[in-house]
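Take a look at this single chain in structure tokens; it is the form predicted alone.
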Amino acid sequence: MHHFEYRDDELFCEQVPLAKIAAEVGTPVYVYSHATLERHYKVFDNALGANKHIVCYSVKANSNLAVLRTLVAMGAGVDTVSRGEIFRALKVGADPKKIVFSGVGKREDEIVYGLEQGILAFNVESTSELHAIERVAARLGKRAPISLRVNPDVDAETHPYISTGLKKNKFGIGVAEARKTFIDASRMKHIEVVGIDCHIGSQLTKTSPFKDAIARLGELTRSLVKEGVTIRYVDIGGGLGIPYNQEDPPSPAEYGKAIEEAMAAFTGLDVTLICEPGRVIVGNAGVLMTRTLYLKQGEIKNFVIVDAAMNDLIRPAFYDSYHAIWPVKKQSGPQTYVADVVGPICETGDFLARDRALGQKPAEGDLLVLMSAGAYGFTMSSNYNTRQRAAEVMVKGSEYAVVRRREELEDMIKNESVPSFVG
């Protein structure tokens, strides 16, 4: 559910016409609905109400400060994968004791930063990382709170690039190795074992992989408790999918029920559930608006050339992903136009849609919107072809504000220099 809808054939975000934003801010531009963010967080949080839990929003999905502040103000914690994401979370008032730090390649300065800020836990992904955290904590005279990320070898049945819970993936520690690593960690002077963690992938459309993974965590946890290892947090990651096209993912209520049933594996243990939703919170809360530049009729297909490109939204080129395309202004007439929607970048892979039945044929200057672009849209954007990154706008009711201005040309070169020995 989202708050983008047509009124008299004109597309609105909440109470603001998108054409007004385009006229005043320009394109391409990301537009986020505050009401949708709030609703999605509440629905997800309520779905887990039967369990003692912390919802740690996955910052990598959308790290805009206004988005983060909206969720943190509602009580969300955050799941981070870099020092920069921790920094962003703290900037908007996140509670350090609701921050978890994931990722396979934490640098020493990032470990120092997490310890100094007093975060809830480092989600440790390898024995090498565990020893690195121990060394840093010892040097600082601290005990580092850690959860071990267990790779449960569960097939998430998703795109291979976003599957993370199989033996062949780079993430986590295998179940057989994890038991010994937990015991070793519990004996380290500067390590405090606080939890167990897993994450099996993204854009999941079934609950069974979650249940399988949690069952394996439960079995391992019970064996660890018998060995005297204390487990206070069970982090089950994120990954719940959203409908981009024909997908039919579980609702948050269905997900919550499945998790509650699976958590029976921890009956009798005093644990707090941590989940790390990202896409399911922000995916359908944002769109990318773009303007049609040219229409081109090739020998075998039509092209709609727009001012957004793969540097603005890389998901179609990277994952061959689908984003519905809506006109900002509906037109009457035949609805049969099929075309590739492409950007200005000098790559054949620069497309936003291929062989797409757009319905109405756009005219030069018409505005189009790529739906479900709130997650992994701006955060994966770049300056490829020295293109300025898009502006970001948040709408709340009848008001809107630019929450990231469009880059200027000077912004893109401000950190570069030409040494005296060149030229």
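One-based numbering along the sequence shown. All of these numbers come straight from a predicted model, not from anything done at the bench.
Just so it is clear, the following notes concern the form predicted in complex with a small molecule, a form of the same protein that is not shown.
Out of the listed residues 380, 357, 65, 50, 380 is the one that sits within 4.5 Å of the small molecule in the model of the complex by at least one heavy atom. Contact annotation: of the candidates 343, 114, 238, 145, the single residue with a non-hydrogen atom within 4.5 angstroms of the small molecule in the model of the complex is 238. Just one listed stretch, out of 133 to 141, 302 to 310, 272 to 280, 180 to 188, contacts the small molecule in the model of the complex at the 4.5 Å heavy atom level, and that stretch is 272 to 280. None of the heavy atoms of residue 98 is located within 4.5 Å of the small molecule in the model of the complex. Interface residue remark: residue 329 is not counted as part of the site for the small molecule in the model of the complex, having no heavy atom within 4.5 Å. Looking at residue 396, you'd find every heavy atom of it more than 4.5 angstroms from the small molecule in the model of the complex.
Although the partner is absent here, residue 291 is not a contact residue: none of its heavy atoms lies within 4.5 angstroms of the small molecule in the model of the complex.
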